[in-house]
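A single chain comes next, written as structure tokens; it is the form predicted on its own.
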């Protein structure tokens, strides 16, 4: 017999290292001779799409096509520290560092262009890789031509910037602080499940997610992170369990340590709530780990809704469900 259940869970997640720990990112931007704009960042893209976000941010500030931007990533000889790809921090920290660097480069463009045009910077604008006089749009010069003229003067048209927000250590007695983390992401998830009372198997049918992410710089990336995070949450809730004996892992391979596959993927429905209330680039917040955290409790609540049994340890495996159902039945006899 299969029983349907629906559960909900809401979480808040403080991202970045937080708690007074030094946390920063550095980025630089310059012009290449092949009409490209080089962004140097050590931010590691491990599938979350941070380099795509970096390209979009730089392109937005400089008013150029994203195709013009080229990334020089993670080379210790060519880039400076961007911190780890952890703590849901890269969009917030490296995104801000790149935005700051792009804005600094833009100010340098205006400075040198105002000299070139014998004009005030307020009379200038940029678009499509050109800087021009607002009152004479055809009187323009490309960024790369300007960079060459600057180079001929013995100078370099480039910019570097960092982003280094401060957080405070929490009070050891209360656990509170004025600003323990840089910002908080809020996520609510609803899980719909089907519990087979004969086999104990749980099938997750659908995951609904509402996420306050500040600003979705790349909505497809954000939804992808939420869906990928939810799949990890399904594994946490239903199947991923390390079996230890005398300090030795007995299921140290993916034959015995089960993780979700495409066969376990539910339907997803995601609502992105864009309330620009953080100091992230264009108001963006992190969404990496928050997409995982609410899934397991939402599934546990859905199982309770389906069969009336509350589980307090994970994963909720078929054998645990069958044992609990038997105990429930025995109590009724």
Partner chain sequence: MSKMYVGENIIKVDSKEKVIGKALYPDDLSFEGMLYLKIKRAVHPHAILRKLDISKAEKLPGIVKIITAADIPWVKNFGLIIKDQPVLIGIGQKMRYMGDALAIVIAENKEIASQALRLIEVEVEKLEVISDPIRAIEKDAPPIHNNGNILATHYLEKGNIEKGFAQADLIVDKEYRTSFLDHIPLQVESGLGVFDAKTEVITIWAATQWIHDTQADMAQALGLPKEKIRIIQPAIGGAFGKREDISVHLHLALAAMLTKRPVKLTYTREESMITQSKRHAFIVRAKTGATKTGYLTAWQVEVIGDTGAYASSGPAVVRKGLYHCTGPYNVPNVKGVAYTIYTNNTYAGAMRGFGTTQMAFAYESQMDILAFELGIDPVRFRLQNAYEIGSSTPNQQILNTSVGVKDTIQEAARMANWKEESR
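Everything numeric here is computed off the predicted structure, so don't read it as measured data. Residue numbers count along the first chain shown, from 1.
Same protein, other form: the form predicted in complex with its partner chain, not shown, and the subject of what follows.
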For this session: Identify, from the list 133, 158, 80, 151, the residue with a heavy atom within 4.5 Å of its partner chain in the predicted bound form.
Result: 80
Problem set entry | Residue (of 107, 139, 120, 242) lying close to its partner chain in the predicted bound form, criterion heavy atoms within 4.5 Å | 242
Exercise. Does residue 85 reach its partner chain in the predicted bound form if we count a contact as any heavy atom within 4.5 Å?
Worked result: yes
For this session: Although its partner chain is absent from this view, report whether residue 188 comes within 4.5 Å of it in the predicted bound form, heavy atoms only.
Result: yes
Problem set entry | residue 259, heavy atom within 4.5 angstroms of its partner chain in the predicted bound form | yes
Exercise. Does at least one non-hydrogen atom of residue 147 fall within 4.5 angstroms of its partner chain in the predicted bound form?
Worked result: no
For this session: Quick one: name the residues from 44 to 62 with any non-hydrogen atom within 4.5 angstroms of its partner chain in the predicted bound form.
Result: 44, 45, 46, 47, 48, 49, 51, 52, 55, 56, 57, 59, 60
